[in-house]
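Here we start with a single chain on its own, the form predicted on its own, put down as structure tokens.
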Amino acid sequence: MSITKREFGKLESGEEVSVYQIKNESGAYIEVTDYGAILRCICVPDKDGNLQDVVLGYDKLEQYFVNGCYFGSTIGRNGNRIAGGKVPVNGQVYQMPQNENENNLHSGPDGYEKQLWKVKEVSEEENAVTFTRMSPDKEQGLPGNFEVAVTYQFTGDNEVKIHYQGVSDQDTLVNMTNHSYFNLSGHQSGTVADQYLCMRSEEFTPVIDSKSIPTGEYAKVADTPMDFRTEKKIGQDVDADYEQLKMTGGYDHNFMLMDYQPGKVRSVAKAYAPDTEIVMEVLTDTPAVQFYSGNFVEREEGKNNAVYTKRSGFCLETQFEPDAVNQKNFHSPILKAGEKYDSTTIYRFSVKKD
């Protein structure tokens, strides 16, 4: 186990930005940066023991200043979409920035992924780095001073553990997630269409139209292209003649996860690449996950001269339902003043066993 630090560049303010490499005994490692608390790379062994970097990202800090695809981003205070950017809390409606189709997406243009975080702790014992920041009252239009921390831990079992914690002095909206794009054949390998995905989900939340705000209903995945209860290729049905997929250009939907209990981490999804035989299992304590098949990645200059295009990676963003703050049927994302926000998601990597 080891943690090393290197300079990644500077902000216009002159503040230094650093990258932390967290390595385990096998030599596998992840890299995270204090700019945006972003997960920059995950390098894990394939079937031949060669390290493959399985997340999309950039080589230059300046590229993360833009990062329109949210590669590796810590999303906060709220992940996903909110209709009209309107957030009702205790009878008062707060206005968030409208940065996508008149709605709020991932908290707007000044989300947590565009902020310099403080390094609270570097733990050699836990092989973990903890980033923290104070999100002030009315940041993104939301109430409350929210003190938030994100811990990245990389275990000897090639688990990337992401632990979110926070407390606010007012009731507020909190629904954090990580927006990494995974490609289990290697970040530079092209489309993920032939990689397999299985999710423990019997229902999803249909969207009204191409603006991707949910109807407020839960719909069964059975007998639809949304059914991933048995593993299938991501590309098998992605272009099916199915209204929900046509409206969003492929998968960009919220799936409800089985066996939800607040605070209970359980296995919810598994993905697999046949060529590298890398398997990724997802474990989380959230009620839902947004599965996004990278439909709107047009052309991005990525790491090591890679070029990322449509469906070069897929996202599994663990969270509450989109627009949950405006939907009575959905799980409430309101954090009460003084209560602790505490959520964990784990991405566990291995090689497929015969």
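Not measured: the values here are computed from a predicted model. One-based numbering along the sequence shown.
In what follows, reference is made to the form predicted together with alpha-D-galactopyranose (GLA), a form of this protein that is not presented.
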For this session: Work out which of W117, Y181, F146, F204 lies within 4.5 Å of alpha-D-galactopyranose (GLA) in the model of the complex, going by heavy atoms.
Result: Y181
Seminar exercise, completed: If we test each of A288, V325, V55, C69 for a heavy atom within 4.5 Å of alpha-D-galactopyranose (GLA) in the model of the complex, the one that passes is C69
Exercise. If you check in the model of the complex, is E113 within 4.5 Å of alpha-D-galactopyranose (GLA), heavy atoms only?
Worked result: no
Exercise. Any chance F65 has a heavy atom within 4.5 Å of alpha-D-galactopyranose (GLA) in the model of the complex?
Worked result: no
Problem set entry | Partner proximity in the model of the complex: L105 to alpha-D-galactopyranose (GLA), non-hydrogen atom cutoff 4.5 Å | yes
For this session: Check whether R81 has any heavy atom within 4.5 Å of a heavy atom of alpha-D-galactopyranose (GLA) in the model of the complex, and answer yes or no.
Result: yes
Exercise. 304-312, 25-33, 291-299, 325-333: which one contacts alpha-D-galactopyranose (GLA) in the model of the complex at 4.5 Å, heavy atom to heavy atom?
Worked result: 291-299
Exercise. Going by heavy atoms, what in 316-348 lies within 4.5 angstroms of alpha-D-galactopyranose (GLA) in the model of the complex?
Worked result: E317
